[in-house]
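This document opens with one chain alone, in C-alpha cells, the form predicted on its own.
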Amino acid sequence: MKKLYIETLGCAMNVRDSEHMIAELNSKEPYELTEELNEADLIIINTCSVREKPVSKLFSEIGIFNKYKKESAKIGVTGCTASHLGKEIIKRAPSVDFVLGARNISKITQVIEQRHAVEIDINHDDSTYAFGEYRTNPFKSMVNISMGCDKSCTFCIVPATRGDEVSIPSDLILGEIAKGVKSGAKEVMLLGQNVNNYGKHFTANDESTNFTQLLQKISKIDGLERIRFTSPHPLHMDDEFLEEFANNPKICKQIHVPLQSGSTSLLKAMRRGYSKEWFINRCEKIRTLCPKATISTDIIVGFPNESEEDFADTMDVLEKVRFEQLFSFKYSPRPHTAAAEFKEQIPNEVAGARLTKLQARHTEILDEIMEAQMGVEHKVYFDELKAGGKVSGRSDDGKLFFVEGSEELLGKIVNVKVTKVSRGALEGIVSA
C-alpha cells in the first residue's frame, strides 16, 4: 500500500477538500496516511491564500519537502494558492509534479498520472459530483453545501481562487450527512463561503431550496443531534433565518457573524453590503431570540484609509456585541483584489497599535465571559482523545471542553460541570 503525506492549511473547507482528495485517491488505489515525510509516495500541500505571506511559505515548504522526500515520491500543490499561481509554481519549483486548484479537487486521480499537470479552472463545476466517503474523524462530519463565492469584497482573494458561487443539490447533502451519521457522527458542520446564501444558484434549475429550508430538511435526519455551519454572511441574516437558528433545537447555538469593520464607510469600501447599524441590529436580534447563543466574528484593522473615527466605530461594535470569540488581523494586500490598489494604505505601526488595542479589550471581555462559566453545566459532545488521559469536545454553544476520560466518552453527549476556566477552553467533570 502506498503512503500519503498531506499538509492542510487554512479553513475548514480546505480540511474537507483534503478528505475528498483522500477519498478519490483511495477509490483508485489504497493509500495509507503517514506523518513521516520520508516514507511518503505522494506528498500534497493543500494551500490557503488568506493567511499572511502564503506564497513565500509555500515555496519554503516545497524546498523542505523536496529535501527530505524519498527520490520516487511525487509532490502536489493544491488549494487556493495553487489556483492563483498555477503554472508559476512549477516554473519556480520544477520538483512539483502537479498543481490542482481549489475548484478542481475531483481531478486528483488524473493529475497524479501526468507530469507537471496544471488544473486550475475556477469555472469547473463539481457541485453535482458525488465524492467518496472519507473523514479523518468518525465523530466529526463536515459537509460542503456550496462552492465558490458571489461576493466581491475588495480585500478577499477567494472569488479568484474558488470561482462563482454554486449550491450543491440538497439530496446530495442529505445523503452525505446520513452516511456520516450511520458511521458514528452525531454532529455535522455545514461549509460554504456564505452558507446562508444557499439556494441562489444551482447547476440544475429544478431545485428551489433556501438555507432555512435546508436546515429544516437536515434536522429531520434520524440520529443527527447537532447542526453547525460556517460562515453565514451578515447581509443574508433575515428574520426567517435567525428565527430558525434560535428555535430549531438541533441547531447549535453558536453563530459566526463576520464584521470586518465597524465603520459604515469602510464597509462600503470593502463592498460588504451592510452598515454598522444593520450588523448591530442582527446581533441584537440574535441575543433577543436566543440569549444563550455565542457570537464570534472576524475583524480587519488597518484597512486602506481607516481613520481613528473608523477604528472607534469598530471598538464601539465590540463593546455593544461583546463577542465570545474574535479572529482579528492587520490588513495585508492580496493579489487579484481591488484593495491592493487602494492608495491610502495604513502604516504598519499604526495598524499594529490598533490591533493590539482591539485584542487587549476583547481579552478583558473574554475573561469576564469565561469567569462567569465557573460551576455552569453544559451538554458536551466528545469527539477527540487528547494526551494525558484527556478527552475534548464542544458544548452546544461552541465552547471547547477538556475532561479526564477515555475513548468510552467518544461520540457521546454528556453533562459536564465547569471546574476550571481559561480564555481558550474550559475544564470540567462529567456529572450525572
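Throughout, we count residues from 1 along the sequence that is shown. Keep in mind it's a predicted model, so treat the numbers as computed, not measured.
The form predicted together with a small molecule is left out here; the points below concern that form.
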Exactly one of Arg334, Arg135, Arg226, Arg103 comes within 4.5 Å of the small molecule in the model of the complex through a heavy atom, and that residue is Arg334
The one residue among Phe323, Phe155, Phe245, Phe131 placing a heavy atom within 4.5 Å of the small molecule in the model of the complex is Phe155
Among 110-118, 280-288, 89-97, 296-304, the region lying within 4.5 Å of the small molecule in the model of the complex by heavy atom distance
296-304
Taking 4.5 angstroms as the cut-off for heavy atoms, does Lys330 touch the small molecule in the model of the complex?
yes
Determine whether any heavy atom of Val50 comes within 4.5 Å of a heavy atom of the small molecule in the model of the complex, and answer yes or no.
yes
Within 4.5 Å, heavy atoms only: does Gln260 come near the small molecule in the model of the complex?
yes
